[in-house]
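Here's a solo chain for you in structure tokens, the form predicted alone.
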């Protein structure tokens, strides 16, 4: 059973008037930290030994003689032997004592056991604690169930490898880098068996993960990651915001598609199977005639989340979407927290967020703005779980 919301509310009563903003040091932590300092809040990054220098050295806040920031955005760096130690009793006590509100990213929900996050981590989370689990495709209550309940189009599921009758994508985790993907495509049962055997031999995927994999129709079209924000602090009609859009750079997929077809065929057979390791992001905008559909699926997601996982989605979320040949959206992945590509907008802001707020508004800054407004109005309990 998840930690009751009233218990988190009681913890908030012990917090200082101006809380600090914390994040696990990976994924989109720089955006979160940059947004915090832009809104005058203190940033705390929780790092793992051996992965700390990005934050502790290169983005560490430096101040002048008067105490004003002159460089960097990471005010405090707390080091742990492993990320999972963030939920230890000692760590929780320190986080609460410092008044940290934790902003969950994918690294947090991947490296820290979900059971520990839901049942043991007694630190206020900015966002929807119980919705982090829906990103696990092997869970019975996953994001596909939520998309179906919301009436949001998603790629058609294919029941088994033998039922593959068109180009399909097989979704499962990478064998070694569990945060990453071991995805592959197949257009027939024979191709599925041949590719999966090579990937198992290569050490990219495992047989147990393959047995639990999600197989779905591959939707042909460009991919857009829609970075939304939902605020409970304003009237419902103003609650949903589209801040910006990003796309992924995946290795070695991007390298393969840059080669002419003749050169692709010259590669070894194993190198022709791309891997979908996300190594970077780019920024996008969308044809404005399609924005109406994008807002429509965003609103449907908010309403379905509220009904299925009260109090529903809070703060940032990302709907990873493919647009088909007619420009119709099909959501193939959901992040019930800050997306992975928001660093492309830090400091400069998202195009749509900037248009809405008339100043640079990245996802990280929008989170910090929500915290600052809620703290000023005595409404922090409405934006955390």
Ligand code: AMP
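Residue numbers count along the first chain shown, from 1. If you're wondering where the values come from, they're calculated on a predicted model, not measured in any experiment.
Not on display, but discussed next: the form predicted together with this ligand.
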Interface residue in the model of the complex among 169, 256, 200, 233, criterion: non-hydrogen atom within 4.5 angstroms of this ligand:
169
Heavy atom within 4.5 Å of this ligand in the model of the complex - the one residue of 300, 94, 181, 195 that qualifies:
181
Can you tell me if residue 155 lies within 4.5 angstroms of this ligand in the model of the complex, counting non-hydrogen atoms only?
yes
Can you tell me whether residue 141 touches this ligand? I mean in the model of the complex, with a 4.5 angstroms heavy atom cut-off.
no
Look up in the model of the complex whether residue 295 has a non-hydrogen atom within 4.5 angstroms of this ligand, and give yes or no.
no
Would you classify residue 317 as touching this ligand in the model of the complex, given a 4.5 Å non-hydrogen atom cut-off?
no
Listed range touching this ligand, judged in the model of the complex by heavy atoms within 4.5 Å, from 114-122, 83-91, 242-250, 204-212
242-250
Using a 4.5 Å cut-off on heavy atoms, which residues of 206-231 contact this ligand in the model of the complex?
216, 217, 218, 219, 223
